[in-house]
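This document starts with one chain, in the form predicted on its own, laid out as structure tokens.
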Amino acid sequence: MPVSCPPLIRHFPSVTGAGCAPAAFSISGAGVPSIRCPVIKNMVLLSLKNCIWLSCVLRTPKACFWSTASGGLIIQSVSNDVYQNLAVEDWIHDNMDLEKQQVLFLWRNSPAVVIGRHQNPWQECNLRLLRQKNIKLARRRSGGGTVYHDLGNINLTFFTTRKKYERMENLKLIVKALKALRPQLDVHVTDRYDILLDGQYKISGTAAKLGRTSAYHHCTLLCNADKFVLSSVLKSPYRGLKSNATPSVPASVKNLFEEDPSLTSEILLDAIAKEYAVQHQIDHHITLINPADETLLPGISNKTKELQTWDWVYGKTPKFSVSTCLNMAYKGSVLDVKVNMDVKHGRIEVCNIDLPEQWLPPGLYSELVRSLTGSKFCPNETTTLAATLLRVCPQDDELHSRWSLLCENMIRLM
């Protein structure tokens, strides 16, 4: 039986200014409360409208969610950490009996870039900008292209057995939920399993993992993501990369919020949950889970830690090469320094730097190449390495200046 709708309760702070008197509420002679403040009145009306549309989706905390129901289950993460939420996907895929219970997992992340299992992060995004903005980089276990996540982006993961895996049906479910909310929306699923708005703007991309017996299909849904940050971080500044890694396919994107500002992430999540419940003939019930809860998800912490390691995020990058020319400005002239490197498992396997004669003492140059070979293709490790070698350099200001200039340019490649 569908659950009954709990009363909508919202707490409004005191509102003054903007045409509102401090006494925003009053009671009529008949004892009927009225709202005098137009700002609060609009907020209440919008809340009531949203409550009607949500069809009373009830959220409750976890309670051994994997064994409480059969047929279908809807869960939502209370965390916005990308590594924790990706770990939940791994845990469900590895531990739940999806023959008995299909699952819809709803989640959102704080700013993060998520690359596909077989992708090259240097090729896909601006790693320097990610570091500057403190945006996390994660590698998921499914294939597909690179995406930007923030709280304005919804993530949906549909878990089934491999036999029942059907991504097109999942995407049609999302479109149906959107149409139920706003019939005028022009949204449809493409042959590439994207969802387009107005026939040209991508609002959802898809990826999947197919295991031996279990499978999941996950997709994004752009509600109100920061498009400026999205376009900035998903633009690689690195040149001269040669790789067989899976490349992303660029697309024009648009937020649903731009089409209709009333379409918040919460409304969209609940509409999709409602449609999933209808199609699977289950209650409109969302179970809230904490991905850090070891009693609920035994072993989840280890899965989360693994997804954060350098060896997973960068070390799983398919082998690639860098062949470029550093244009280094020095004392009024520009030096062209050719650099060729092979990188395997995220570590420099072969390194050649074509320096002008006498730019560095031969012994120091050889030590630089030797130290770089086998090291991580990583600015932090290269900075540490350069600083260590600088300490054994002769005390010569010009030599130190040249050394610093070369190392700074090498680090920019990473």
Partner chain sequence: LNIITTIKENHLTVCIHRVRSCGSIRFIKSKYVCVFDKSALKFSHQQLFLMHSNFSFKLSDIGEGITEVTVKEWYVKEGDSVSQFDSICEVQSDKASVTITSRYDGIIRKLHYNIDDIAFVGKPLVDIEIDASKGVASEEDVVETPPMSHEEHTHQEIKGHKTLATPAVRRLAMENNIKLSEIVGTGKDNRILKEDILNYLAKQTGAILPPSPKAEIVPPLRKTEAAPAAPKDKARKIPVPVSRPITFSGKDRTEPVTGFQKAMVKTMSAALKIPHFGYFDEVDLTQLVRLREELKPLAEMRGVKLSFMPFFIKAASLGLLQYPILNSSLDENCQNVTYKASHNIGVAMDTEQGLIVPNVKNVQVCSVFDIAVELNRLQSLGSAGQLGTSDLTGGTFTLSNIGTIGGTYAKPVILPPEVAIGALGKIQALPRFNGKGEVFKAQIMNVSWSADHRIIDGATMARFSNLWKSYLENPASMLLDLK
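These numbers were taken from a predicted model, which means no experiment stands behind them. Residue numbers count along the first chain shown, from 1.
Below, we turn to the form predicted together with its partner chain, even though it does not appear here.
The putative spot formed by 166, 316 and 384 is fully lined by its partner chain in the model of the complex; each residue has a non-hydrogen atom within 4.5 angstroms of it. Note that among 279-287, 330-338, 75-83, 238-246, the stretch whose heavy atoms approach its partner chain to within 4.5 Å in the model of the complex is 238-246.
Under a 4.5 angstroms non-hydrogen atom cutoff, its partner chain in the model of the complex has residue 193 among its neighbouring residues.
Among heavy atoms of residue 411, some come within 4.5 Å of its partner chain in the model of the complex. The shortest heavy atom separation between residue 178 and its partner chain in the model of the complex exceeds 4.5 Å. Heavy atoms of residue 155 never reach within 4.5 Å of its partner chain in the model of the complex, leaving it off the interface. Residue in contact with its partner chain in the model of the complex (any heavy atom within 4.5 Å), chosen from 162, 188, 305, 227: 162. This chain is drawn without its partner chain; in the model of the complex, the residue among 269, 207, 197, 343 with a heavy atom within 4.5 Å of it is 207. Contact annotation for 139-164: residues with any non-hydrogen atom within 4.5 angstroms of its partner chain in the model of the complex are 141, 142, 143, 144, 162, listed in sequence order.
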